[in-house]
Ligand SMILES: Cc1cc2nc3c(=O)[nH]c(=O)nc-3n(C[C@H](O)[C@H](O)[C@H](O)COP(=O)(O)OP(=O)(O)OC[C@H]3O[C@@H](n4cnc5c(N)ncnc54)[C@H](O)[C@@H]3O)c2cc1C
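This document starts with one chain, in the form predicted alone, laid out as structure tokens.
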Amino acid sequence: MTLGPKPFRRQHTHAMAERFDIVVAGAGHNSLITAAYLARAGYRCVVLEGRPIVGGGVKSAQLTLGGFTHDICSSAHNGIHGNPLLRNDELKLGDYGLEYIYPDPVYHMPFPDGSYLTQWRDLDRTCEEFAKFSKNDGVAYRRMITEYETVRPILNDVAFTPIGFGKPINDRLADHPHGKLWQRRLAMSAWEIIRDTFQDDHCRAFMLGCPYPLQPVQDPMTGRAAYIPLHQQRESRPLPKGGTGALTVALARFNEAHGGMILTNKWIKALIVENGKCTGVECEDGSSYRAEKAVVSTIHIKQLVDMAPRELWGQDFLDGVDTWEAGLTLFETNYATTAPPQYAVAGGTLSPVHSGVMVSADRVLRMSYDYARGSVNLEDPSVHAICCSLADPTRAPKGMHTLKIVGYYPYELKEGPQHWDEIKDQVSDANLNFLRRFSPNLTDDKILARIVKSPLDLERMNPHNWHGSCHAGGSGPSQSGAMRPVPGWAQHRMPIPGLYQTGATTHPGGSVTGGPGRNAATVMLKDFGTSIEEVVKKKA
């Protein structure tokens, strides 16, 4: 058996005397991307990571049994393929071991009445799946994706451009033949768009739940979430071969190949501020690291403000941090199994990498109420099952599988977040038993081991999952665009000179897009007197 890339670890003891241009606080995928572009420009970077393995939410490990490689947080890398980093192969990460797999089918959803809807990479085949329920909905799906693909390049450009560095989205849409319609759509709720586009409830449930977008779908300005299934129609839900951590392993290798240093087990406790400028960091082990040019942080803003005197941040920034909201959260169980999920379909069974159950559009709407109430509602839960080993056999011993079952539940329970420790095994069992209604082959004898992570556990595992949010915080209008992380500080430059911020608390937000990382590099390189375009063109 060939395992994928080994988790990236480094520990040096002699680095304190060395000089660095850039100190990078945290080794999530975004900060590694920022460091990679800066290293490509010739700046010497040291990346400091508190945990034993780099990657943040983009890393893999053998969580259950030896030989089973699980994704610790993220699995699918949908958003990053629109990033010029990969779209234009700017850093040639394939040379550092990064290889993607594009599963087909993309997503499968069974329903309680025995019917099902499967999204395939082939558009005609997917339209036929919708047409099983409603001929009009099959036509509507094709029309929706055709229209979306005309505006998708604009949405990509906005995501992968720092705030203030390009035209605002409405100015960009002014050049689109249907720009005013798209302004309206993006301001609408995802529910309104799906309700008005599709007639059949199965089709509506699929569009709103494949997977659930971690936003209340009836909220204003969630319109883009209605197009998530279309985003994955052409590109699938890409998996890095060997585990999600293959991306961050490749980035770490790139950084070291370009003169950078990566140190693990380096928890940062304070920023060093001298003469009003951030010049380095102090670690809990007593070591400190100085930056000649700048410090770039991926530390969550809720913790970042405690690492320097509060008066240095300014009241506007502190007010923005105080009002930061976690948003919607999830719950996951990782299993080592001897079988993948199997679903009954015409002519036999289907075992997809990604599958999920959302029993009705009404259940999607009620989820927002469950979150608001702090309620763990186990009646017809929304579940998302991910079996990466089906497409990537390197993830498990021969004939065996990794399985992740994700459920959607609030961190803030009525009884308090600590209550998760009492109920998490019960919730995990309920999610598995619900999935068994549709995949009855997942009997107890097929399960070798499991590890359960509640929203509280996700926060304990990684402080960046503040209040259980794997996206570092909600992505509603109050925390998007020029409001992320706080109004007035959305350009990656922090109130303390010499300090920059990247990661999911910055534009365009959470998920595996690499957008915050590349955008932060764009801003920093401009401030240093060059541009990301010049750096990319530079000969290696």
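It should be emphasised that the depicted structure is a prediction, and the values quoted were computed from it without experimental measurement. Sequential numbering from 1, following the sequence displayed.
The discussion below concerns the form predicted in complex with this ligand, not included here.
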Heavy atom distance at most 4.5 Å to this ligand in the predicted complex, all of Leu86, Ala225 and Pro508: no
Of the options Glu129, Asp370, Glu90, Glu332, which one has a non-hydrogen atom that comes within 4.5 Å of this ligand in the predicted complex? Glu332
Heavy atom within 4.5 Å of this ligand in the predicted complex - the one residue of Ala36, Leu499, Val58, Val46 that qualifies: Val58
Partner contact check in the predicted complex: of 474-482, 66-74, 490-498, 36-44, the stretch with a heavy atom within 4.5 Å of this ligand is 66-74
Using a 4.5 Å heavy atom cut-off, state whether Lys266 contacts this ligand in the predicted complex. yes
Report whether the minimum heavy atom distance between His464 and this ligand in the predicted complex is within 4.5 Å. yes
Using 4.5 Å between non-hydrogen atoms, is Asn255 touching this ligand in the predicted complex? no
Contact with this ligand in the predicted complex for Gly26, defined as at least one heavy atom pair within 4.5 Å: yes or no? yes
Just to make sure I understand: among 242-262, which residues lie within 4.5 Å of this ligand in the predicted complex, judging by heavy atoms? none
